[in-house]
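Take a look at this one chain, the form predicted alone, written out in structure tokens.
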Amino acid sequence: MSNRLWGTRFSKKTSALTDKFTSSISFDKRLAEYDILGSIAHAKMLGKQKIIPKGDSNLIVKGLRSILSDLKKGKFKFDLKAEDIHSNIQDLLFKKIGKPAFKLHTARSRNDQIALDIKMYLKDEIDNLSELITEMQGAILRLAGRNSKIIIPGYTHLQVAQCVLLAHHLLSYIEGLERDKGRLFDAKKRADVLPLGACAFSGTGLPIDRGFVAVELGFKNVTANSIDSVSDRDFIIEVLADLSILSVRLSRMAEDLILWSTKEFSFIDIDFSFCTGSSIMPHKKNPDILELIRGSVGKIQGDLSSVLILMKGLPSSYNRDLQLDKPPLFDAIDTVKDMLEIFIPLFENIIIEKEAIVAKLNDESLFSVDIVEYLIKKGISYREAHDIIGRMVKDCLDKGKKISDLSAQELKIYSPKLKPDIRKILNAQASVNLKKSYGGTSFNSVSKQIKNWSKRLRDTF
């Protein structure tokens, strides 16, 4: 009998080149635990349904549990000459229990088997990713809580815009990461459907019990169409799309921190443990880790594109091309996990450069919108108020003169509604506290946001 699951029909051996090119054991060995667990549930079902003798079913389960134990102890022998992880486990099972091992593959195909393995793997990895995202949110929240009174100049178009609380900016990261978690949880719901029992693509004439296997493996539902069960990989594409969105967010956060750590900004100091130096310039402290995070996003976008393009040209049902869906999936998950694991301690160790930040808050252009709203409250239309302050900025700030130095008479030149009391709002504290709208950057609003996230994340600072 051939040691391949399909070799009996062939009159000659495949070439070494074919074996090398078609082998997937080098990457699908990652799925070994899920393959064994799926096989245990399948063997139990075969015995329960009397498709194979109960004694053989029990023997198969016992052998598989022994192999699983070896895997967890690091004693599992991966055979890199095996065609795939399924064949590797089947061969090991035969060595342990003999001919009853040949009954394990009854009423299933590698087509539905690999779809099962990947879905089980993804369900666990989504939980792992979610946990890391939550840890990162906690690290950001603690940084925000420790610096809840720090005001920074905010930017749009990388130009000074208005004052915001540093904590408010940091909380914006937490909001986005929560949506990223939600997308992953949504993807998990759609992956939580058992494909085993679809066999090659048409189901089986044997009296299998797919519901039993679903309960054994913790799946909430069973796939309703056998062709769809083995041929589609939209659950992989969805996870890769979610990881792509998450990675873009992480890249933008990295870019913020890179900018803030420059001498031009001097908002933060990144711990030496997350920086490197220059081989020629002794003074340099480069945020290379953040730059590599920013650069790694391209890989993840490429992983998504790879699977999309892979699927684009395939007809329905199973095709061997689908073997190649796993490397990009594994790469994207590994890369994102690495990024999250770095961000957590990086945020924990950021130092806020408070004095340098305060020095940047003297720019009165930060308060231009506050003066516009001051005039609106006095009955002037937005358009007219905008024009008034535009002229004031052109005459004063563009020429290095402070608005706060204008006399009552000089203020009247721009509008009789402008009074010397505007000086009360020409400072960062007042400017921030005026933003009382829900979700705004006032001290009270941000304090509530921090308390809310502390409860949601069950975190303290």
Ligand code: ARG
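In this text the structure is predicted, and so the values were computed from the model without any measurement. Residue positions are given as counts along the sequence shown, with the first one as 1.
The same protein also has a form predicted in complex with the ligand, omitted here; what follows describes it.
Checking 306, 148, 335, 111 for any heavy atom within 4.5 Å of the ligand in the model of the complex turns up a single hit: 111. This chain is displayed alone, yet in the model of the complex one of 169, 326, 123, 142 has a heavy atom within 4.5 Å of the ligand; that residue is 326.
Although the ligand is omitted here, in the model of the complex none of 164, 370 and 374 has a heavy atom within 4.5 Å of it. Heavy atoms within 4.5 Å of the ligand in the model of the complex belong, among the stretches 259-267, 83-91, 174-182, 123-131, to residues of 83-91. Contact between residue 191 and the ligand in the model of the complex is not found at the 4.5 Å heavy atom cutoff. Mapping the unseen interface onto this chain, residue 320 counts among the residues with a heavy atom inside 4.5 Å of the ligand in the model of the complex.
For the chain shown alone, residue 35 is not a contact residue for the ligand in the model of the complex, no non-hydrogen atom being within 4.5 angstroms. Under a 4.5 angstroms non-hydrogen atom cutoff, the ligand in the model of the complex lacks residue 445 among its neighbouring residues.
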